[in-house]
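Listed next as structure tokens is one chain, alone, in the form predicted alone.
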């Protein structure tokens, strides 16, 4: 059994050791923070986007960095998953993107505010979170052997179009499936439709998306290649 003086020395020594380890680890953490949080990427636009995220209480529905609510999608890597075109369109007019389905409030963001939020989400995915959130380990759907969609899908298709449309059983159900669409419609129609759906069909549910000429051309080529399989 320790004497009173030995117990006191043991306590003081243990406290000093633990305090030293704590301070050392804290120092090491602060040394790593700028790199792990990509502090160099914190532009004025990113900071404004962060303030909008807080002012609009986005965390009341969404999760970011593992914190927030689970009513709406997790957004830590939404920039990688959906891309800037989808994010901008969703922020600009949520109802147009998912008519009658989504419940996201339309905050009537200005173009500048949309740009700042997109910049914030782009920065968020560069933060080193030790692999969080993990990518889902879902098996790829079976592909038909001679399917034209076996060609590489354009990034904008995988980020934006599959939100509403499906191809070979994968994607959304808001819009029609795109299997064999190249056999039913021609390239000229695709181009007109992608530039302004409402100009082609006044009651179209698909909104005018923020697509540039290069993205439209890429999508026209891809959709035109989706032919019906011979029976």
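No experiment lies behind these values; they were computed from the predicted model shown. Numbering follows the first chain given and starts at 1.
The form predicted in complex with heme C (HEC) is left out here; the points below concern that form.
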Would heme C (HEC) in the predicted bound form be within 4.5 angstroms of a non-hydrogen atom of every residue among 62, 87 and 109? yes
Although heme C (HEC) is absent from this view, report whether residue 123 comes within 4.5 Å of it in the predicted bound form, heavy atoms only. no
Report whether the minimum heavy atom distance between residue 155 and heme C (HEC) in the predicted bound form is within 4.5 Å. no
Residue 175: heavy atom within 4.5 Å of heme C (HEC) in the predicted bound form? yes
Contact label in the predicted bound form: residue 127 to heme C (HEC), heavy atom within 4.5 Å: no
Pull the contact list for 103-120: residues with a heavy atom within 4.5 Å of heme C (HEC) in the predicted bound form, in sequence order. 103, 104, 105, 107, 109, 117
